[in-house]
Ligand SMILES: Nc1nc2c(ncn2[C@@H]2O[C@H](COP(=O)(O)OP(=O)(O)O)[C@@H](O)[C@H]2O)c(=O)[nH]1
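Shown next as structure tokens: one chain only, the form predicted alone.
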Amino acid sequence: MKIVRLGIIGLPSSGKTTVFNALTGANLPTGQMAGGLMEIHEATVNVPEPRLDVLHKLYNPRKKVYAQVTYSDIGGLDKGIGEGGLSGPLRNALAQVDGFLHVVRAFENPNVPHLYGSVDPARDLGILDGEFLLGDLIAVERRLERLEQDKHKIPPAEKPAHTREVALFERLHAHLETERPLRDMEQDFTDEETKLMRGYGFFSLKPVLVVLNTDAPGAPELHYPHKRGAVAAMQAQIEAEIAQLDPDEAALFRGEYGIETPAADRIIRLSYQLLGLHAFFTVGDDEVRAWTLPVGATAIEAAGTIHTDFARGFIRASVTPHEDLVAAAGKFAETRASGKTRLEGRDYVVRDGDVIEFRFNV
């Protein structure tokens, strides 16, 4: 099962390691890190899923298996990193994640002076966004240069593909010169174009959740008018301290600070929305499990998420909406009798919260 990877990025003194601690329960030391220092910390955590908890109570199986997400706290980002192209290790670290949590400082702390002298979320957000745009632009220009050098060496049979790739990268170049991320491009990419771009790991194609790191409830207004982008606020220092407590104490402290939902719950939910993901469930005597699936994926793709044999020998899927199964106290006989459980074919588009039993023959 593929684990979603999210990269936590931000300027020095933005508090991104504090955000990492709050989301993962880690207790990494924090402090102002010199710009340009390459450092990565990772942790894999369960995705909070109340619907899975309900299923576990209904079936009382031996195991309850959550979907998981890996957070990477990526250091070494600062103004000027995009000039001349990013370093290999840093580029690889950024390219391997599915999306970014961009931590932007929105708190005052005289003991942690801001690198640029003042707290200005819009300015700081623009700095790293600009560096990513520049990095993508340099990568596109280098590819166009290579394509130009190779055009006379291309065998006749490969020239149409070469021409299409040149046209694609010229489109990318023209768009980046408008200083907008690639995910804002109005024209959809074909499957071939998506495959061509995949190896370049363009940063401005990735979804971005801007996390305003505040020291009080609420947050300053921040306009971020880009596709697959959103803004959320988080009291990271308090949440990181609460993450070290046991559940009862944590609930008490959240109440005192007016924090209704744990940060990890909110941030993961928003991240999944931006990444175009949702969950389906499987239940049984051995385990109940949540599976991560792209929105719009079909039953056969869901089957393959569990095991390639399920997809290879797919016959049909028995599908019950989570809320209907819960209303029937987990009794499939009742949901079948009422027509709430349906038999679906391989092209059925899985819905969020579907409980699925796959029938296959290998």
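Sequential numbering from 1, following the sequence displayed. Since the structure is predicted, the reported quantities are computational estimates derived from the model, not experimental observations.
Another form exists, predicted in complex with this ligand; not displayed. Remarks below refer to it.
K.L.:
If you check in the model of the complex, is Glu158 within 4.5 Å of this ligand, heavy atoms only?
P.N.:
No, Glu158 sits far enough from this ligand in the model of the complex that none of its heavy atoms falls within 4.5 Å.
K.L.:
Please determine whether Glu148 contacts this ligand in the model of the complex, using a 4.5 Å cut-off between heavy atoms.
P.N.:
Taking the distances in the model of the complex, the answer for Glu148 is no, it never comes within 4.5 Å of this ligand.
K.L.:
Asn46 versus this ligand, in the model of the complex: is there a non-hydrogen atom within 4.5 Å?
P.N.:
Contact check for Asn46: no, nothing within 4.5 Å of this ligand in the model of the complex.
K.L.:
Tyr116 near this ligand in the model of the complex, any heavy atom under 4.5 Å?
P.N.:
No.
K.L.:
What stretch, of 180-188, 253-261, 119-127, 236-244, brings heavy atoms to within 4.5 Å of this ligand in the model of the complex?
P.N.:
Heavy-atom contact with the partner occurs in 236-244.
K.L.:
Of the residues Thr70, Thr30, Ser318, Thr298, which one places a heavy atom within 4.5 Å of this ligand in the model of the complex?
P.N.:
Comparing distances to this ligand in the model of the complex, the residue within 4.5 Å is Thr30.
K.L.:
Just one of Glu170, Glu221, Glu108, Asp248 has a heavy atom within 4.5 Å of this ligand in the model of the complex. Which one?
P.N.:
None of the other options qualify; the answer is Glu108.
K.L.:
With the partner left out here, which residues of 9-29 have a non-hydrogen atom within 4.5 Å of this ligand in the model of the complex?
P.N.:
Residues within 4.5 Å: Leu11, Pro12, Ser13, Ser14, Gly15, Lys16, Thr17, Thr18.
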